[in-house]
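Only one chain is shown below, in structure tokens, and it's the form predicted alone.
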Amino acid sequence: MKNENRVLPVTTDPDTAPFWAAAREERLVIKYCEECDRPIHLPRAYCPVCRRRSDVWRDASGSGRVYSWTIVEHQVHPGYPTPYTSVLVELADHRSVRLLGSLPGRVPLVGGEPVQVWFEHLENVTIPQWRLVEAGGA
């Protein structure tokens, strides 16, 4: 469902622009430090561990698990009708990387449920979203 009132992310920030460019190609990418091979999340110019500058982005599988969630019942913005379930997803590729997303409605979740990324194409931006993986499916 297209919603004209949604707040869209800034896609031109130098630290996150490659993430949004990859999303337009329906790829989920994570920034890594080339020196110590750790993910740099949230993306920034320098590795928080070894302080080296890095511009290395790697494809992620797009698979993850629900780490935490909450059901939003009180609407605070017209672009986000309630109810919806806000989820924090732990990526399968690297458990220290967690991304936010939402599922429509009141979703009865349990921790660790598998999810898979999908890409929502809006006017000028493509947003990675999540869907539950059905039992026995991908």
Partner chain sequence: MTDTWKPDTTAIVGIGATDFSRESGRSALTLAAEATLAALADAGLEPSHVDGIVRCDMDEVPPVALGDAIGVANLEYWGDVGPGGSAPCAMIIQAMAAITAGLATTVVAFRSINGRSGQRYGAGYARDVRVGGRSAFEDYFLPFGMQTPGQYFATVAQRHMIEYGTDEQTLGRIALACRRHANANPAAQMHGRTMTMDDYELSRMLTTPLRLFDFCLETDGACAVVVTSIERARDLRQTPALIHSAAQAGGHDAQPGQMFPALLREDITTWSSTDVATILYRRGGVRPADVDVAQIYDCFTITTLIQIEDYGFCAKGEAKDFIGDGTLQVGGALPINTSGGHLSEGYVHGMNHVVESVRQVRGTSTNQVADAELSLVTSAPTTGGSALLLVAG
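Residue numbers count along the first chain shown, from 1. If you're wondering where the values come from, they're calculated on a predicted model, not measured in any experiment.
There is another form of the same protein, the form predicted together with the partner chain; it is not shown, and what comes next is about it.
Trainee: With the partner chain left out of view, choose which of 92, 72, 36, 56 has a non-hydrogen atom within 4.5 angstroms of it in the model of the complex.
Mentor: That would be 72.
Trainee: According to a 4.5 angstroms non-hydrogen atom cut-off, is residue 49 in contact with the partner chain in the model of the complex?
Mentor: Result no; residue 49 lies far from the partner chain in the model of the complex.
Trainee: Can residue 25 be called a contact residue for the partner chain in the model of the complex at 4.5 Å between heavy atoms?
Mentor: Although the partner chain is absent here, residue 25 would stay clear of it in the model of the complex, with no heavy atoms inside 4.5 Å.
Trainee: Classify residue 9 as contacting or not contacting the partner chain in the model of the complex by the rule of any non-hydrogen atom within 4.5 angstroms, answering yes or no.
Mentor: Residue-level check for residue 9: yes, a contact with the partner chain.
Trainee: Using a 4.5 angstroms cut-off on non-hydrogen atoms, would residue 32 count as touching the partner chain in the model of the complex?
Mentor: The answer is no: residue 32 has no heavy atom within 4.5 Å of the partner chain.
Trainee: Between 17-46 and the partner chain in the model of the complex, list the residues on our side with a heavy atom within 4.5 Å.
Mentor: Heavy-atom contacts to the partner chain in the model of the complex: 19, 20, 41, 42, 43, 44.
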